[in-house]
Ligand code: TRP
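Just one chain is shown here, as structure tokens, and it is the form predicted on its own.
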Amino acid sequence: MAAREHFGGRVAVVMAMAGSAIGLGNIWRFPYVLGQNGGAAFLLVYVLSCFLLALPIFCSETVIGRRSRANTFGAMEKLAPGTPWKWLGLLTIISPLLILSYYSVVGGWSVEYFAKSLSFDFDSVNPLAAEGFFDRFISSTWKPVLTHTVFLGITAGIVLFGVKKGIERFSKWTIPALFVLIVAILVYSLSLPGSGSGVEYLFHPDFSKLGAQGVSAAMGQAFFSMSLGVGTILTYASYVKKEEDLVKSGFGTALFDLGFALLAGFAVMPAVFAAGLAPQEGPSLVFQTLPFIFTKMGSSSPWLGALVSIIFFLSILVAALTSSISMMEVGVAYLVEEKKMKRTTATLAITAFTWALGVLCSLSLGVLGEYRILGLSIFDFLDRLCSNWLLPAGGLLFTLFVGWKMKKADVWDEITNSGTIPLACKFFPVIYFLIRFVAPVGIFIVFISPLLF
């Protein structure tokens, strides 16, 4: 059997894990939720949640991954043989594949809009036309399936090259490029007349808007934004060398993720307010509001609006890909290590499964719209199942496994690199306390919040 691959160093580790964390949610959800829940007040709770909730869960996944040097299923078999914990490993193989199936549909939308921006199709659009185009596109039969196929094919192509030549190389080039692209949009967005209202919307501290629901939203955003509970971080950590500092890698990932979310907020919301439009969340923001804004940008200089449009939708596409490759790698690693498949065969098998399920998700927004699961379309059902149940369950079980099942000495050995990292040794009691007590309570709040609010 071939030797297991490893990431090349700390930069590679942080870039890959930041790529897994940075995704569409940073662009279409974070700015809106930030502004709606008190701006700077929400940001304060979010930052605290990143380091008191998300980072301990991140450490839990990385401890399991590097300790076991295995995929999510193999990790549980190796660290807790003959116990029911193997079902956690199975859960975190299924979850990312379910997510990838509908996430790649949305990724396909970004392929379509990037192509439209390259052909200058947004030059004469208006708000109603932008909304109508999006609705017609996602409800049509063949075109969203085609773009879903293209997006999934790109994802598979990257994963096919392996950890170092595929995932590491792609992440090391695209994450810095992604920051450059979003900063370019930010600079232009802040130069627009009326953009100051968007900045105020984002960062004016209003604690009256925060409330219990806002606090829960901040905790949930921190949890979901770093791709926790789904096995991607665990899988990537299994490729991390022993000498790497897991805590520093966690801080680096959290800072990259937070930094990109803030930059995206500055890039998007000032432009929305400058155009005199109401802020929205989700696909309506990215695929309906922003094409109209780019047209308004280009009213005096058409080439400028077209250029910003190209840069923005390229950013959307790259952000989606950095997350999708981490989700696909979870299933590929399982098939390669547990079922002894070649990477090519495993990649094709995972691609075929997620493609087929993704086709159903795509068609459920159109011709299969009448078929419902608990009153939801197939697309919305899978989204609700994964976001509200599977991911929080995975995160909770990871922290309970590291905090209560693993030997404390083994956890200490991984976090401190056998006592060779003085700072990690000094703060280990704090990290261990957060893993055992604080993170599980925080995840439980995230878990039940959809039932309360």
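Note that residue numbering begins at 1 and tracks the sequence as displayed. For the two forms, the rigid core is made up of the largest set of C-alpha atoms that agree within 1.5 Å on superposition. Owing to the predicted nature of the structure, the values given are computational and were not obtained by experimental measurement.
One more form of this protein, predicted in complex with the named molecule, exists but is not displayed; see below.
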- [ ] Evaluate Val318 for contact with the named molecule in the predicted complex, applying a 4.5 angstroms cut-off between non-hydrogen atoms, and reply yes or no.
- [x] no
Task: the named molecule contact at Ile64 in the predicted complex, heavy atom, 4.5 Å - done: no
TODO: Decide whether Ile435 counts as a contact residue for the named molecule in the predicted complex under a heavy atom distance cut-off of 4.5 Å.
DONE: no
Open item on the list: Given that the named molecule is not shown alongside this chain, does Ile443 nevertheless sit within 4.5 Å of it in the predicted complex, heavy atom to heavy atom?
Closed with: no
Task: Which of 228-236, 242-250, 200-208, 365-373 lines the interface with the named molecule in the predicted complex (heavy atom within 4.5 Å) - done: 228-236
Task: Tyr103, Phe224 and Met327 each touching the named molecule in the predicted complex (heavy atom, 4.5 Å) - done: yes
Task: Heavy atom within 4.5 Å of the named molecule in the predicted complex - residue from Cys59, Leu391, Leu34, Val402 - done: Leu391
Task: Among the candidates Ile158, Ile93, Ile99, Met269, the residue which, in the predicted complex, approaches the named molecule to within 4.5 Å (heavy atoms) - done: Ile99
Task: Sequence-ordered list of residues in 23-40 near the named molecule in the predicted complex, where near means a heavy atom within 4.5 Å - done: Gly23, Leu24, Gly25, Asn26
Open item on the list: So, superposing on the core, is the move of Gly395 at the CA at least 2 angstroms between the shown form and the other one?
Closed with: no
TODO: Using a superposition on the rigid core, decide whether the Cα position of Tyr46 changes by 2 angstroms or more between the shown form and the other one.
DONE: yes
- [ ] Verify the C-alpha shift of Arg67 between the shown form and the other one: is it 2 Å or more after superposing the core?
- [x] no
